[in-house]
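Given next, in structure tokens, is a single chain: the form predicted alone.
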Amino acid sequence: MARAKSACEFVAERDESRCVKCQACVRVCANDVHSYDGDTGALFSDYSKCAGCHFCEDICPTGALTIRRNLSDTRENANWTKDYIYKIIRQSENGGVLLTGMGNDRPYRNYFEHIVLNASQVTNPSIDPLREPMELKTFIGRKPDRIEFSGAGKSGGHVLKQKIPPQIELESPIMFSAMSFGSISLNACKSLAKAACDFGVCWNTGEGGLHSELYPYSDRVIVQIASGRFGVNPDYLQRAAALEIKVGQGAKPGIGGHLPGEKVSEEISITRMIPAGTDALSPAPHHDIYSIEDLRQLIFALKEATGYVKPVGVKIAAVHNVAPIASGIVRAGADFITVDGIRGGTGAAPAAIRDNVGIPIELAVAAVDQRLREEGIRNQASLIAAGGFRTSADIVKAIALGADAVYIGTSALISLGCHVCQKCYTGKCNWGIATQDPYLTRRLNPEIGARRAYNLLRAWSLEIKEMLGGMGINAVESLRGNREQLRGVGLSELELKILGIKHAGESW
């Protein structure tokens, strides 16, 4: 029978002059790449199993290991590249859907890299954030159409006549994105939860419920209500700072989630309220939402269940008609909308969906913000952007395009040690992040992880202040939707029109 064979994706090079045969690589590799022959004293590496996580390379005490991408290639062909050929070979062998992890790695245009920021020069002096006040505080939730005051109160100040809708108060416009206990380890959840609470921002449970050991961090948690309703109960809702109905996500718009039964441990089964060892399958649609009216009913059911004191939002994927969808969601009563772009990460998704469905977050945010402004309802819901934020500059540009705040996921995991090997779905994460293996999860110390995630929030917030100061802006709310602070470089007229920005060189 004819049989094709794929070349190894990575190669582990061992410098025999440095290797001391300590077998550390053998002990730590979850993929069993390295092995030791006790009879000959030789170390061997099975390259076909290597995920390219670089854990063995980092742990090697003598620096004897180097993990490199295999340079072996197929015959040069602009259409039939090695990637496409080997995908067909794999599917002809197993007859299944090809899974992948993390975000889209296709070379679609990253619009953040084609947008530049403005800076103050003479007529509008810059601000020094080290010596002058700079406000990053952000409030997520519905804002009133106008503020009205009555007469002076006891302290002599004016008193608000109307009640302000519930808000989430953030010290910086950055939050940790939805990542469930199950898709990542409990230690990873603890790291992000503690960092968020210490810094004064929020983290998100994802659709996996709230583990009891995360209760101390629940005053800063946004809990998800997804199609599978995993872990959703009155206590779960009451502990939250805000609630988020997950309709879609950027890595897999239009389909549900799947946590394999072998990853559903006893702890996960308790948290998700499903039997241990069974697959956790999220339906593609919510079976009680088939219209905006159905969505409105769920939004207000959740508000009723929590006494109308917590913001309720809706998360959707960035798709072609995202602007009118967002408009309907706002009119349905949502206090915030999360839009997740095509570069959004995931624990597991079909590669065909992740790589080909959805649109970039830059275009989606601009379109949604503009549509809500045109309809006069922009103040009725906050807009949260998600999907591939890599730097503080990306965040500043997203806010200028219209976002109130952003979610970060992959960058947060990288701060914990993730090397983006995209094998999260295997559950063999050597860094102790995307795994439930007790031996592997111990590699991530939640105290150290929290400190590193906190440092990332601090560093990016400082950089945001520097960029705002350079623009002569002393509060992040003054940048929100201020597209005159942006200019495009190398973009077409249509792209500039959708983004709502001018080309570099055009003046005010």
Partner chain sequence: MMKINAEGMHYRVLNEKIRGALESGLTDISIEGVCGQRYIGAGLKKNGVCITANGIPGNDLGVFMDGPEITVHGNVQDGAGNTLNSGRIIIHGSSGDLLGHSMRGGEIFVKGDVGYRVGIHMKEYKDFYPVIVIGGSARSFLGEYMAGGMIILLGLKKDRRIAGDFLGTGMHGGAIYARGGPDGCQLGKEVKVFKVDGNDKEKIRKYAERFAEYFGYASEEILKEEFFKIVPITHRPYGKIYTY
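Everything numeric here is computed off the predicted structure, so don't read it as measured data. Residue numbers count along the first chain shown, from 1.
Another form, the form predicted in complex with its partner chain, is not on view; read the next lines as being about it.
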Discussion item. Its partner chain is absent from this chain, but in the model of the complex, do L117, S120 and S126 each have a non-hydrogen atom within 4.5 Å of it?
Written reply: no
Discussion item. Counting any heavy atom within 4.5 Å as contact, can you tell me which stretch out of 293 to 301, 175 to 183, 108 to 116, 136 to 144 lines its partner chain in the model of the complex?
Written reply: 293 to 301
Worksheet item: Does any heavy atom of E266 come within 4.5 Å of a heavy atom of its partner chain in the model of the complex?
Response: yes
Fill in: Close approach of G328 to its partner chain in the model of the complex, 4.5 Å, heavy atom
no
Practice prompt. Check whether V97 has any heavy atom within 4.5 Å of a heavy atom of its partner chain in the model of the complex, and answer yes or no.
Written response: yes
Practice prompt. Determine whether any heavy atom of P438 comes within 4.5 Å of a heavy atom of its partner chain in the model of the complex, and answer yes or no.
Written response: no
Fill in: Interface residue in the model of the complex among A305, I414, I377, A393, criterion: non-hydrogen atom within 4.5 angstroms of its partner chain
A305
Fill in: Contact residue in the model of the complex, from D219, E76, D288, D83 (heavy atom within 4.5 Å of its partner chain)
D288
Fill in: Partner contacts in the model of the complex for 40 to 79 (non-hydrogen atom within 4.5 angstroms of its partner chain)
none
